[in-house]
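To begin, one chain is listed below as structure tokens, in the form predicted on its own.
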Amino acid sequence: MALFEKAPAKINLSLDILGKRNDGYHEVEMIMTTIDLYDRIELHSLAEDKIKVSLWSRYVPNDERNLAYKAAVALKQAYNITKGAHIKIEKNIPVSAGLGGGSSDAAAVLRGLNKIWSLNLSLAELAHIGATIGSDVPFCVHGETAIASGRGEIIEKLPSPPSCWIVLAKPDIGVSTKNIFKRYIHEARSRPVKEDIIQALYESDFMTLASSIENVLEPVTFSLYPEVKRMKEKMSKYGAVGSLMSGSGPTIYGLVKQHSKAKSIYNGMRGFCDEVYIVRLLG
């Protein structure tokens, strides 16, 4: 019997780094929401004690380096599962894009195997396991809209953003999250005002939300990849009410209310990169 799970991409409405932790990770504070762009996960339980991953992507490994593979192994070890699983991944989310594709795949595997193996674990328990795999996995387990703090493992749910269209544009480059975080220096520069974003979500205030989104990693990524900065400038030039880099990049997204404006921005951005999408919010 096959079980299917959607693994939606995420965007950052804000990303702040509060400092370096004793465990070597960064203390973060991120507001994230899911969007209607997703990978598709197909799961089969195996009687034999092994994990198998199948996918077609020249950029994503299908062995123990894959986050979905790591998620299955972590769940097996945590609950002494002697069964195996065959994980089939249909990739639609751009890779190394700041959209959490690998983390969302891992989260979908945790949710799906929880059902297939009849473990009856809560989302909080699955997210706890997910935190051992990657910083975005706990949020991706829960989905919707939330603040993720600590190393990413502390999740506080928030209201859904106001209805709008999202235009995503990913330049033809991949960005290493580890490298961007390593180069980040905590400076007295403009920082996200979390309270403004939260208030905008509670009041369903699109204009305040669009003017409040911020990401402290933008200057780091922009300095290494000037084309990402140019993409953001073009997103605003073509009419996005608010635009931001998601995660460590390189994907830039723009917020608009009207589909006609989203289509216009889409057409403009297609002149500069191949991977451009118009999506709705899920969170």
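Start at 1 with the first residue shown and count on from there. This structure is a prediction, so every number in the text was calculated from the model and none was measured.
Below, we refer to the form predicted in complex with adenosine-5'-triphosphate (ATP), which is not included among the displayed structures.
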* Asked: With the partner left out of view, is residue 33 within 4.5 angstroms of adenosine-5'-triphosphate (ATP) in the model of the complex by any non-hydrogen atom?
  -> no
* Asked: Is residue 150 one of the residues lying within 4.5 Å of adenosine-5'-triphosphate (ATP) in the model of the complex, judged by heavy atom distances?
  -> no
* At the 4.5 Å heavy atom threshold, is residue 28 in contact with adenosine-5'-triphosphate (ATP) in the model of the complex? -> no
* To do: Report yes if any heavy atom of residue 91 sits within 4.5 Å of a heavy atom of adenosine-5'-triphosphate (ATP) in the model of the complex; otherwise report no.
  => yes
* Could you check which residue among 209, 110, 99, 168 gets a heavy atom within 4.5 Å of adenosine-5'-triphosphate (ATP) in the model of the complex? => 99
* Structure fact -> Note: exactly one of 66, 221, 243, 215 sits with a heavy atom within 4.5 Å of adenosine-5'-triphosphate (ATP) in the model of the complex, namely 66
* Asked: Can you pick the stretch from 235-243, 222-230, 54-62, 252-260 whose heavy atoms fall within 4.5 Å of adenosine-5'-triphosphate (ATP) in the model of the complex?
  -> 54-62
* Heavy atom within 4.5 Å of adenosine-5'-triphosphate (ATP) in the model of the complex: which residues of 117-156 qualify? -> 136
